[in-house]
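Shown here is one chain on its own, the form predicted alone, set out as structure tokens.
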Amino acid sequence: MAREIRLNAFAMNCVGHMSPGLWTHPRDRSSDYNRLPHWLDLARTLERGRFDGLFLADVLGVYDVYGGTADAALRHAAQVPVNDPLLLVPAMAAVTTHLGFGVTSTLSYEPPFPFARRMSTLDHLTDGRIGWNIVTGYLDSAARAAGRERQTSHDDRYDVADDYMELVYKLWEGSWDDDAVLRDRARGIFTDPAKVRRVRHDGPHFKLDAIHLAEPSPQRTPVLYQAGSSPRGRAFAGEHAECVFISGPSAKVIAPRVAALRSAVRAAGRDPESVLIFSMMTVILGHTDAEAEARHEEYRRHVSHEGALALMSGWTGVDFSTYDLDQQVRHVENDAGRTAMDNVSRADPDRVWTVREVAEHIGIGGIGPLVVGGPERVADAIEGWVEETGVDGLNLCYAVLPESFEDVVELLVPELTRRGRYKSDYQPGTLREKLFGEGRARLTAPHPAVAHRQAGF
């Protein structure tokens, strides 16, 4: 029997997100990002389409590599201005029943003690529908905003992350017994102090002596997402992640990354199939292939080349403002430039790319694949992608908001459902249960968090 294909909506509390310039499209509403009705309507739409979740990206810095300033990013709303994603969640949870929420929070700049309480609060307020996308950051501008000269080196950031995870696991899993809260009105006892333990942590990067301030939430530990495909990132995911987000332009790129991730999970002593892997994709739909292709051409007229290159420069560390738009990318000689172009060039390995063409390519949906067509063509492409890569689902970007997601709900979801590749209804329970099965509200062994459960620190 064919596996169920899972869908997350991929968005950000900003304008445009992965399609710079598309905010100028007359039907786009992403510039309403700072108004609550915008997000409430989106949440209702996604739940109507039975999306597993809304995956909210975030950055704590600006894209200022292009031209050495943030001017291009500001001019074209390339992920700036950007608001806090966590504050959106309670409101969206209040108008939905099943939709999950994966929020990005950069542990490099979040003290673990208040962060643990914040996530427990969200887990309570959503009835257990919260997930955390664990990231360590990648922008030097974010490090400077935090009072540092530059980022900690890549692998060292993951060493810090390992210590951080051990600390928050102790808070979430070990500080309170499940039956610590009595709510005993007759005796006037709310919490039994004997069932609440002080967490003592003395790690290489963090120290703590405190009780967790929040009573046990439905999931205790939020569903753990991770995005990172470096060798060190894969090792971290192998030990900690329940869901992994990866990106790349083709099945030939994604398939070995999926295999490497599952190997990392196995090496950590966990079942490699126990982790769900989502890859990024953008789809442009119409009732027919011709209608979708016409819509794609319409969207392309709104792409901001400079905004796209501001994003690309930030992602790669290569200042694309120093190259002419019609210059061939093969003239980029430094190692960073060759690495930067690797994902793009693999989308069409026989093509010689100009900088302008790179900007057009990533201008709708970033460096992920773009699929254009009617419901049948897009469903065929998605089924083929899942079979070739081994991913469990997709993080779907939008080009025009909310139109892109409305089209998925109205056109693609019915086609995938008809083919038996998409759920006909939500599973009951928490986000973790919806993803992994009834009775799985809490993490289970051999996940490392379980070792800290009621450990009596």
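Nothing here was measured: the structure is a model prediction, and the numbers come from that model. Heads up: residue numbers just count along the shown sequence, starting at 1.
Keep in mind that the form predicted together with another copy of the chain is missing from the display, and what follows is about it.
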| property | result |
| --- | --- |
| Residue 124, heavy atom within 4.5 angstroms of another copy of the chain in the predicted complex | yes |
| 4.5 Å heavy atom contact, residue 415 and another copy of the chain in the predicted complex | no |
| Residue 61: touches another copy of the chain in the predicted complex, heavy atom cutoff 4.5 angstroms | yes |
| Proximity of residue 25 to another copy of the chain in the predicted complex, heavy atoms at 4.5 Å | yes |
| Joint contact, 309, 325 and 352 to another copy of the chain in the predicted complex, by non-hydrogen atom at 4.5 Å | no |
| Heavy atom contact within 4.5 Å of another copy of the chain in the predicted complex, the stretch among 369-377, 281-289, 184-192, 242-250 | 184-192 |
| Contacting member of 227, 275, 77, 358, with respect to another copy of the chain in the predicted complex [4.5 Å, heavy atom] | 77 |
| Listed residue that, although another copy of the chain is not shown, lies within 4.5 Å of it in the predicted complex (heavy atoms), from 231, 111, 384, 204 | 111 |
| Sequence-ordered residues of 69-92 touching another copy of the chain in the predicted complex, heavy atom within 4.5 Å | 71, 74, 75, 76, 77, 80, 81, 82, 83, 84, 85, 86, 87, 88, 90, 91 |
